[in-house]
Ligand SMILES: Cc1cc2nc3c(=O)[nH]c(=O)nc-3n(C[C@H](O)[C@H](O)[C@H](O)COP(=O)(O)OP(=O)(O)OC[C@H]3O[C@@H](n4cnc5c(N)ncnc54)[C@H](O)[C@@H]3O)c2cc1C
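One chain follows as structure tokens, the form predicted on its own.
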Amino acid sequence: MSFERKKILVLGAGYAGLSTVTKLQKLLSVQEADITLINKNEYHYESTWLHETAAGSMNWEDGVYPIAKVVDNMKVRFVPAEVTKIDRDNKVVQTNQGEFDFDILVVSLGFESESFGIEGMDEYAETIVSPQSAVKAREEIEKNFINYKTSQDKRDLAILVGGAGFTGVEFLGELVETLPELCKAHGIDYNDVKITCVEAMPTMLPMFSDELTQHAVDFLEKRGVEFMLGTAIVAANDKGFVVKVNDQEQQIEASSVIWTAGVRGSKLMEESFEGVKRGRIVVNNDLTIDGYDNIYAIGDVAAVMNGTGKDARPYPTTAQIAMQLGEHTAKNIKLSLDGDKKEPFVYDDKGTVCSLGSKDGIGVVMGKEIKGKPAAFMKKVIDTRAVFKIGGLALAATKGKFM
């Protein structure tokens, strides 16, 4: 074993980065490594809870906690800073708070919104990618509902949601739970509210069986959501979406427009590495990048392949896999410091649950399909477990979904 203290630099404190650091501080002694964590915010936010903030069922503060609460400041130096450049060959990372050199680098810079070049989407739609953007989405809906009292314009009660993927469906599930309360508060008839979800794919939630997906569709349609599947969004403008139906373009009007259909890895990835697509780089099975056995890429900036050759497909970037990637990276760093061979990453899929508000949902857990209240309960278990895994019992007691 080398007794030279290695400089380990972790970029980003999302699920992947924070899992790496909290595992490293358990595995390594102060003598073995000098660990630095850099994140632009002083807090970690539960990105899988953002749809609740956007729909008004959760205050944004309830989905965040200070990073200082979960890092051991005797072993880890936390620096609130924004990463501006990664120089992989000179082993230096530049930030708005100065330069940091490294022996081992873990890149876990997270995700940002992706509009796929749809004209006007960045300008006219709100997104759900950070606590700030989620709050903005909620404020936009509330502002338009309040405005309706004087405008009497039905567009102010119309909400357009772009995308029927995981985030879109979970957001809709929360919306149909919170909007009746919002209507009541402002003397609005909920029947006058129009919620339209536009999805380019012919089906939604492909990770679930037809029966489970139908449960979600029935649940949401019963509460007033109208789906336009297999419908491409051509543009967004100040009136809503321009969509293509049977090769004909038509305008769908709404004052509240929320885009949930696309995320990509950090744009810094393209500037720092070759072979990056939509902010994601294909990693080796030990989670390092080609040619650099001291640089790991995990979470939303990594394409971790499932399978080999032509059949290989990247795993979806979920919180579950991000946390496993972080823990595995920490183990591999420990192995490399001890002079041992790194181990390939093996994903342990414990299942997936999509919530439909606080009392319903669909999911597959340990190979079994669940829906309704059992799925809603399991979602709370999963959310609370994520907090516990990173921050322990004390954090789970304050931030968990059962508290």
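Predicted model, so just to flag it, every value in this text is computed and none were measured. Residue numbers run from 1 along the displayed sequence.
The same protein also exists as the form predicted together with the ligand; that form is not shown, yet it is the one meant from here on.
Contact with the ligand, judged by heavy atoms within 4.5 Å in the predicted bound form, is confined among 79-87, 140-148, 188-196, 215-223 to 79-87. Of the candidates 324, 256, 167, 288, 167 is the one whose heavy atoms come within 4.5 Å of the ligand in the predicted bound form; the others do not. 317 is the sole member of 317, 272, 231, 332 with a non-hydrogen atom lying within 4.5 angstroms of the ligand in the predicted bound form. Interface membership of residue 40, defined by any non-hydrogen atom within 4.5 Å of the ligand in the predicted bound form, is confirmed. Proximity of residue 345 to the ligand in the predicted bound form falls outside the 4.5 Å heavy atom cutoff. Contact between residue 353 and the ligand in the predicted bound form is found at the 4.5 Å heavy atom cutoff. Residue contact with the ligand in the predicted bound form: residue 111 places a heavy atom within 4.5 Å of it.
Candidate site formed by 13, 45 and 48: every one of these residues places a non-hydrogen atom within 4.5 angstroms of the ligand in the predicted bound form.
Residues in 198-232 all lack a heavy atom within 4.5 Å of the ligand in the predicted bound form.
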